[in-house]
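The chain below stands alone and is given as C-alpha cells, in the form predicted on its own.
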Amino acid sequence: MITQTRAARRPARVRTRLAAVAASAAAIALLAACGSGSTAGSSTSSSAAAPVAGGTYVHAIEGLVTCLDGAQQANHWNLNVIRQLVDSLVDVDPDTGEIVPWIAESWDISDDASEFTFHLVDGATFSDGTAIDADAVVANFARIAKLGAQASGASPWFSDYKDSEAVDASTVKVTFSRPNAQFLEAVANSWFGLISPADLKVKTPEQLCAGDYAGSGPFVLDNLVENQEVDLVKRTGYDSPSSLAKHEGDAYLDKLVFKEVTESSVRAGLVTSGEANSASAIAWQDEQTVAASGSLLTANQPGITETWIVNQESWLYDDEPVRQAIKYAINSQEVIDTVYGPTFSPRSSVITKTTPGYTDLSADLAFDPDKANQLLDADGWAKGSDGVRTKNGTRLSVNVIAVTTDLEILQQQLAAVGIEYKIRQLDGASYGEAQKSGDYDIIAWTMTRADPSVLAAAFASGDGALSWANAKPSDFDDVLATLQSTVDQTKRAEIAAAAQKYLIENAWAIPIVDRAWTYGLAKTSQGLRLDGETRLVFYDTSVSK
C-alpha cells in the first residue's frame, strides 16, 4: 500500500509527496520568451502589487467553445474555461510535478495500483450548496462510466473501471479490474472535475455540455453567446481551493469573460490595446510587441507533441513506404523558423520532453529527402510532369485535416518529394465532424497530458480510446496496456520508450514540432497561473489598476 501522508488543512498548505506516483508526473519547463517583460522559471505571472478584489477580467481564447463538460471534452481551449467551473480531487504542482491535495486531502493506493482511496476535505460544497462528499464523488465516477466513449476527455484514463464505493461520508474507494498507474495524475484534470449529483441525475449530456450544472469551482456560468464569448461570475461562499492556491475564500474577480478570437494577431492586439487582460496562443511574430506592453507566460506542455496521426482505416495504413517517406520529408527546423519561432523545438519523439518516460528519437526523425525519394521510387511511385508522383494512374495525394498554421510549409516539403497535399485547414466544428466521419488519411493533433499513457488515447484500439488513429487491434495494444498497468517507474519508462520507438519506426505517428503555449499578459493581469498541464487557473487572478 502506497500512502499519501494526510496533509494539514489550510492555511498551512503542507505539500507532501506520494513518492512512487509523483515521480511519474512531469515538471513543466517554463521558458523566457523573447522581448522584455517575460515571465520565466515560474508557472505564475508576477506582480509586486497586492491583489485587489473585484472587477471584470477579459481573456481572449484561440477557439470556439463547444462544450463545458470536462468529461466530454478533450479540446484545450474548452478545458481552459471548464477548469474555472470545477475542482478536482488532486492537483499537480507545475514546478515540481508533485501530486498535491485539493478536494482530497490525502489518498492511499494499493501496491498494484488497482485501488485508489481518497480522503476528502471537510466543508467543500458545490455551487448549489450541496456537500462534496463521498456519495457525490461516486456519482461523478458512475456517470463517466455510463457515458463510455462519449466521455471523450475522461474515458481514455478510465479504462478497466470496476466501481467506486463510499466507505464513509469522507472516504471514497475507486477500484479498477487491473492496474491503472496513471489514474492519480489523470484525476487532477478537469476531465474529472466534480459536478453536483443533483444535476447528474436529471441533466442530459447535452445540457451538461451547455454548462447547465452546479460545479465545484470558484466561478459559475453566467452567459454563453455562441461563437462569441463565455461569461463567468464569481461564486459567493467558495472555500475549497487547491493547496497550490495563494489565498482562500472567494475568487478575487467579480466577472471573468472569455472572448473567442480565432485570429492570433487580433488576440495580441486586444492585449496590447488593453481591451483584454490576457490572451492565449500568442504567435511568435507578435511576442515582442506584447512583451513590450506587458509580459509573456510560456510553457512547454507535456503530452503528445504536434503530430500527424495516420488513420488506420485509410489506404495510407497499407502503404508503409509512403508513410515513411512523409516522415523523412518533414523538415522540423524549417517549420519552426518559418511558422512558430524559437519557443518551439524540433521534433524528437511523439511525446514532449516534459512528459515522463520521454525518450530522444531525434536520429529516427532526421530530415532526409533523399531517403524519402528512394522509398517512393522503390514503391513504384513515379514523378509526373507536374512533379506529383503517380502509380497505376493514381496520384500520390494525402488527405490531411488540421487546425494548425504550419500547413503551407508542410505542403511545400511534401511537394519536394512528389507528394500532393491539398490543404484542409478546418475550424473546430468542421474538424470535429471530419474526425468523427473518418474523412482523412492523416489528422494533425496534439494532446496535453503529464503521463506517457497519453499515447493510449490516440493509438489504442477499442472503445476506450479516442478515434484519431481509428486503430486496428494489434500487438501494440499489449504494449499500451502494459504501460498503463506498470507501477515500477523504471520499468514504466522502458515501456514508454518502446512505445514511442514503435510508433515512429512504423510511421503510425509523424511528429512535426514540439509545441509551446505562449500567453500574453497586459500590465493589468495579476496572479494568473498555469496548472500541471499548462491550463489556465484564474482563482488567484486579479485586475491591477
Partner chain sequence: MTSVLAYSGRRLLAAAFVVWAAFTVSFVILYALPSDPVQMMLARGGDASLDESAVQAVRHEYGFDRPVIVQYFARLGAAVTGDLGTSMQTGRSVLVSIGDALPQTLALAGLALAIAIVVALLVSWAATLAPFAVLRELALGLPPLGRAVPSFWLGLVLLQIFAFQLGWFPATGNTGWRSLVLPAVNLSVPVAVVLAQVMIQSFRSTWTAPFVEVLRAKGLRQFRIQVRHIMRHSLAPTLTVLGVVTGAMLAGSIVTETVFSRSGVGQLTQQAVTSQDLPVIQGVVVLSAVVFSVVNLAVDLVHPLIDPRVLSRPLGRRRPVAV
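Here the structure is a predicted model, which means the values were calculated and not measured. Residue numbers count along the first chain shown, from 1.
This next part talks about the form predicted in complex with its partner chain, which is not shown.
Here the chain stands by itself, but in the predicted bound form one stretch of 350-358, 120-128, 317-325, 224-232, 224-232, has heavy atoms within 4.5 Å of its partner chain. Proximity to its partner chain in the predicted bound form, defined as a heavy atom within 4.5 Å, singles out one entry of A210, A149, A142, A166, which is A149. A single residue from the set S265, Q374, T175, T96 has any heavy atom within 4.5 angstroms of its partner chain in the predicted bound form; that residue is S265. Contact check at 4.5 Å (heavy atoms) against its partner chain in the predicted bound form: none of D112, A497 and E505 pass. Taking the partner from elsewhere, A53 is found to have every heavy atom lying beyond 4.5 Å of its partner chain in the predicted bound form. Within 4.5 Å of some heavy atom of its partner chain in the predicted bound form lies at least one heavy atom of E433. Proximity of A481 to its partner chain in the predicted bound form falls outside the 4.5 Å heavy atom cutoff.
For G269, a non-hydrogen atom is located within 4.5 Å of its partner chain in the predicted bound form, even though that partner is not displayed. For the partner-free chain shown, nothing in 167-192 comes within 4.5 angstroms of its partner chain in the predicted bound form, judged by any non-hydrogen atom.
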